[in-house]
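Have a look below at one chain only, the form predicted on its own, in structure tokens format.
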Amino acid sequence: MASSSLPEKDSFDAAPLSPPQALPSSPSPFLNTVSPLTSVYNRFYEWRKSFDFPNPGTVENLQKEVKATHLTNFIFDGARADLTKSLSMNPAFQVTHAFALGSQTSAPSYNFGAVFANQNVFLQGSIDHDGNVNARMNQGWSESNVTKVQAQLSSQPGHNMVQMEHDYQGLDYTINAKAINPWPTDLTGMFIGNYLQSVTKNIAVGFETLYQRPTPELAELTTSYLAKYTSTEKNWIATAQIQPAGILQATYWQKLSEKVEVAADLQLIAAPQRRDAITTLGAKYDLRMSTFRAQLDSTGKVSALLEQRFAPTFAFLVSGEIDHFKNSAKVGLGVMIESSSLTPEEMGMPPQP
């Protein structure tokens, strides 16, 4: 019997057919329009990046070092006590009880506050004995974008406030937009926008525009100009702000050593109805367990504040101010006590023997 011939093995291993070639697709008209703009932007970005200019910081923190050295935000009179208890470290959560009495400028008060913070969110709220509520929230969307909201609810008419703002920090510039008590129906409120740009590695300039619209019939627009110079070693900073009403504010801060900082502030008013100038000089000394601040201004006031820590969780405050022109004096005493129900390991500290 004649056997039927089978196909050889090589006939099954024939080269596979090549897939059909896709026809080249023409780019869309939109891409044709956007591509040149994107190319120009990328070239411009790389050109700016080659200068290696630093980010100048925000306008809100333009005078941060001077404010931390002077006593304006720290001095008090009478007696005060701040009791803080940490309930968690990650995320951070703590509550504070603050008492104040015996002040010559304000009535006795009690304030309860709470703070919650993690890597992207910061929440802070407080309420006093009169029912006044203050709240603040910072939401970080990225390293460059932060949205901030503040609110104040008061029992006194006209003291309620809502503030919304957004910070954007670019490669060598910062932008901030802020709205205070905005009302969308008639567009009333206060609107602020500022821009700060580094023009060299040491110099930054910018502006801040304020638009006020308390009523639909009344509106006002003003613009102030800013300048900041930071030394190459970052050990001294000079700033200046010029407002259209004839107001000039200039500051200077220098770090003399790791423990000593000095600062000067000049406020000059050269308006047709008023001509005045106030100069403030201050110094801060950081010792091992204490911080001492001293301040002198041209109105005849001499102030000092000592914060002495006897332990990491206990601090004693002594504040004093003498007004030579008014022949008056103020003295303040305070304590700050911090406690926690967490173990040293939970607080990120080495275990105690």
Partner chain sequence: MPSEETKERITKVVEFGRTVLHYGWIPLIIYVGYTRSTPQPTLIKLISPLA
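Residue numbers count along the first chain shown, from 1. Computed from a prediction, not measured in an experiment: that's the story for all the values here.
Beyond what is shown, the protein has a form predicted in complex with the partner chain; the following relates to that form.
Stretch-level contact analysis of 251 to 259, 154 to 162, 139 to 147, 203 to 211 against the partner chain in the predicted bound form, using heavy atoms and a 4.5 Å limit, identifies 154 to 162.
Interface membership of G125, defined by any non-hydrogen atom within 4.5 Å of the partner chain in the predicted bound form, is confirmed.
Contact between N90 and the partner chain in the predicted bound form is found at the 4.5 Å heavy atom cutoff. Taking the partner from the other structure, the partner chain in the predicted bound form has no heavy atom within 4.5 Å of any heavy atom of P244. Interface membership of T185, defined by any non-hydrogen atom within 4.5 Å of the partner chain in the predicted bound form, is confirmed. Out of the listed residues F74, Y225, Y195, F112, F112 is the one that sits within 4.5 Å of the partner chain in the predicted bound form by at least one heavy atom. Comment: the partner chain is not present in this chain, but in the predicted bound form one of L266, I175, L83, I269 has a heavy atom within 4.5 Å of it, namely L83.
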